[in-house]
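First, one chain by itself: the form predicted alone, in structure tokens.
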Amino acid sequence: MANATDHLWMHFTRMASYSAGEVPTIVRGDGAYVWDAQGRRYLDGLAGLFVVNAGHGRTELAEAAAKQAGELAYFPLWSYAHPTAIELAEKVAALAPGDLNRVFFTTGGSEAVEAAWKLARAYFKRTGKPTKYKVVSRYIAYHGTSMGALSITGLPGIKTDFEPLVPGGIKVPNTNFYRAPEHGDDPEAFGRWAADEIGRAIEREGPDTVAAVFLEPVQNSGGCFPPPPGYFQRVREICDAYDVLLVSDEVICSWGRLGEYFGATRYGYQPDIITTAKGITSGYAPLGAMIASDRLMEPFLSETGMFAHGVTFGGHPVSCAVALANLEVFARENLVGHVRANEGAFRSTLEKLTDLPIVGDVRGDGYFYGIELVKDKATRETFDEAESERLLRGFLSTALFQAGLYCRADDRGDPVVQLAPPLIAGQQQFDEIEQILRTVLTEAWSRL
């Protein structure tokens, strides 16, 4: 629409890029597809933004929102409760691993991460260890954009405009095995090394100063880095040894994205806190949550105890009603099982692209994959900054969209194409993704 840039300030957008053209405007969605204002159809290869797990056009979710708004449109969770928040907290706690039974609702992922860091700090203050406040996280990892979450984030390019940030963010290597600096021929040894880097960072900072380690089950930024075998088990040992909380940031990786309700379940580790959002409502209303263990709640259960944190719209009645209806869809259609049954087919279809000279690596799990692009497959040489700019922003992003595929061409690490379709997707959509990528990546290589 011609007036889209007159007043709308889009997120993470180079606004000048639309000075000579119209902003792509999406007006409708159904299943795994969306349509723009001109009636063109696109395969939603990113589920909006890793969000629309149940697929577009679910009228039952819209109806659940309307029904709840008619009964109780809003009431806060500040010393009061409402039925949809109570019921949803019970369901989330039942699905979460171990004793993660305490659910603190937010409106999104950044707020959930912010709440988790604040809880870690407050917990240690109330248990006699007030100097524990720092957080360990990984290079290139994205954990949100609020000031605390941004300090945990490992992407310098989105931080510099806002510095100085909240102090205490410590960075360690991630689990990109394709570019492993150590043990590049042994995934298990690499995982041990990467986990031990967390322990070494805690030692350098002083164990009495570190409160938490924040990790995604599969790291998003950089292009889907799964954990090597034994990685999270070793991280759990390290956290226990130093009395540090393990936070599993599952804003993307929960609600079926990896073939389980939570990524921690998929990889067999027990966190102290899970942060979640996005797929909990499949995007039909904004909602996030921090899910904490019973022991983290204990210091706040005294007569005058209080976790002095909250947000106006956290646990909004309408959002909670939508989440409950969304989880009914998950159960009725076995969406989590659908991902497990089809992830092998998704992977093998994407791996066909490895015959292209520009494709260096295909990695991920569940319905969450990254395809790393390289200049030389034999040496794994990547593109320099100028080349990446021309390849991703100058050609790929637009060409993929024009070819009918909405996905992400990202250069926050090495250049990658990221894919995370709605969980309803099947072989028809996998083949469509592969064919569009093949055509566009072949043309991209010819332009280098």
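All residue numbers are counted from 1 along the displayed sequence. Note that the structure is predicted; figures quoted are calculated from it, not measured.
There is also a form predicted in complex with a small molecule; it is not shown, and the following applies to it.
The small molecule is not drawn, but in the predicted bound form it has no heavy atom within 4.5 Å of E372.
Although the partner is absent here, G108 sits close enough that one of its heavy atoms falls within 4.5 Å of the small molecule in the predicted bound form. Contact between H143 and the small molecule in the predicted bound form is found at the 4.5 Å heavy atom cutoff. In the predicted bound form, the small molecule lies farther than 4.5 Å from every heavy atom of D272. In summary, among the residues I252, I198, A85, V339, the only one with a non-hydrogen atom within 4.5 Å of the small molecule in the predicted bound form is I252. Only one of R138, H316, K278, K132 comes within 4.5 Å of the small molecule in the predicted bound form through a heavy atom, and that residue is K278. With the partner omitted here, the stretch from 356-364, 108-116, 172-180, 235-243 that lies within 4.5 Å of the small molecule by heavy atoms in the predicted bound form is 108-116.
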